[in-house]
Ligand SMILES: Cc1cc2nc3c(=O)[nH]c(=O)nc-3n(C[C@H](O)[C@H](O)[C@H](O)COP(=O)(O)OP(=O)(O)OC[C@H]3O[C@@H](n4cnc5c(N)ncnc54)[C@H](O)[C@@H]3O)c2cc1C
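This document opens with one chain alone, in structure tokens, the form predicted on its own.
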Amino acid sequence: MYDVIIIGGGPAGLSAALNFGRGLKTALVIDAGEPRNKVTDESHGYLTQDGVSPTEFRKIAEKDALSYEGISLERDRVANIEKTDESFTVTTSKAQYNSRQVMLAAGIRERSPEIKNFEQFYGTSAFYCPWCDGYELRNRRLAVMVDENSINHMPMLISNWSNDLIICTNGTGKISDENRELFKNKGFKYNESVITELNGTDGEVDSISFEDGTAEKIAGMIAMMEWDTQFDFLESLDLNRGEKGEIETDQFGATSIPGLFTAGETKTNFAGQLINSAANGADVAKFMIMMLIQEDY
């Protein structure tokens, strides 16, 4: 019986595991070895780790966490989680494990826009997060995907790194007269047609094509991705979810099921930076450890 099983060996899960080790608790990290950020060569914004590759970051993080007695890692995929009165049973493709608590730190499921050749450029010249990659895209001609919820925010934000933008609604809706006037005054181009294709070589996009037959030269892209936490292994749990499908939690990551917690991107239901996930994993782990200490006191 483990004190906790951590599902996901990314920055949130491994940061949590390190803290469980330092808290003298036993923790099993189960990770399939398929991180969402494997498409990129560098990660940024993490003090002392700026520019580190995701692969190297995980290698160092695993070494740190596994240096503590009671912390172990299984390279496996979780198939199911069941809750009994006193504990959890976690079934994987290879085995079955029991624990007093479970932390969901598996990140989020990601879906790319349905644009021909998009995957060839994602992570090298097409990104979604300006905080992560805006610096590398600075002063380039950028295509910026928006919808009705982001059209008033994203162009403004991206203009911090480049003022040579083409705003793309990808057929999701018309641009208001107010925004047309704003974009005109800013010198931004826009196209409301569906994006059909990206072109370029060696991971560097150089043009974007639209359903209306037009094309534009670009040197980078800020895309819109879709994310959720509808993992198959959660189907047997009656988790409370919000209007957008997010797992409902309190500030400490506690879900509607006692003993089941979320951390990192699984908690926020949004793609974030390594430093944010690692910090949240540590915070949630400390609260979970306090719950264990209180229970045993």
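A quick note: this is a predicted structure, and the numbers were derived from the prediction, not measured. Start at 1 with the first residue shown and count on from there.
From this point on, the text means the form predicted in complex with the ligand, which you will not see here.
Screening 151 to 159, 206 to 214, 98 to 106, 181 to 189 for residues having heavy atoms within 4.5 Å of the ligand in the model of the complex returns a single hit, 98 to 106.
A heavy atom within 4.5 Å of the ligand in the model of the complex is found for exactly one of 113, 173, 200, 123: 123.
Mapping the unseen interface onto this chain, residue 4 falls outside it, with no heavy atom inside 4.5 Å of the ligand in the model of the complex. Within 4.5 Å of some heavy atom of the ligand in the model of the complex lies at least one heavy atom of residue 274. Contact check for residue 35: a heavy atom falls within 4.5 Å of the ligand in the model of the complex. At least one heavy atom of residue 30 is located within 4.5 Å of the ligand in the model of the complex.
Contact residues in stretch 75 to 96 (any heavy atom within 4.5 Å of the ligand, taken in the model of the complex) are 76, 77, 78.
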